[in-house]
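Given as structure tokens, the chain that follows is alone and in the form predicted alone.
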């Protein structure tokens, strides 16, 4: 069986990360716009650039670890690095339109 193509693996990763729920807002971090970038290479190495709603969010460590755990469960991921950034800072405008309507 061959490894999934990077674009297919990225789609699988996004689907898996939708199970990570931000405890403050009660929605998944993908649709909230907290995942800034997912880079996947041909060997299945993954780098995720993410943020939280605020710089000193008490759930930062929880969310970062939850992302690592979800990545570990995606078939085809051979290694994963998760980086937390606040540049640019998260704003509600990053939310998916259907989520933003609820606030």
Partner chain sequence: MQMACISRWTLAFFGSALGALVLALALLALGIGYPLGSLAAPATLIVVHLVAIGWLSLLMLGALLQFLPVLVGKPLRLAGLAPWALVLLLVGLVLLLGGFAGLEGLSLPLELLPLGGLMLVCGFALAAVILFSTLFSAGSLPFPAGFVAVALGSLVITVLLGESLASALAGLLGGDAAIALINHGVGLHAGFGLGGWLTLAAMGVSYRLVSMFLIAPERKGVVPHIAFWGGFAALAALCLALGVVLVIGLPSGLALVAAGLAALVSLGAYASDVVALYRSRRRRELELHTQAAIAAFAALGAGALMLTGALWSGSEGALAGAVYLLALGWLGGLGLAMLYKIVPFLTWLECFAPDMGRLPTPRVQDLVHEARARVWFWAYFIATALTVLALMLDLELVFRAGAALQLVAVLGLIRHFYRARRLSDISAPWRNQSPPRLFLPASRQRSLS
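Positions refer to the first chain, counted from 1. The structure presented is a predicted model; accordingly, all values stated were derived computationally and were not measured.
What follows is about the form predicted in complex with its partner chain, which we do not show.
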So in the predicted bound form, is its partner chain close enough to residue 85 to count as touching (4.5 Å, heavy atoms)? yes
Would residue 57 sit within 4.5 Å of its partner chain in the predicted bound form, counting heavy atoms only? yes
Just checking whether residue 101 would be counted as a contact of its partner chain in the predicted bound form - the rule being heavy atoms within 4.5 angstroms. yes
Is residue 74 one of the residues lying within 4.5 Å of its partner chain in the predicted bound form, judged by heavy atom distances? no
Sequence-ordered residues of 69-84 touching its partner chain in the predicted bound form, heavy atom within 4.5 Å: 69, 70, 84
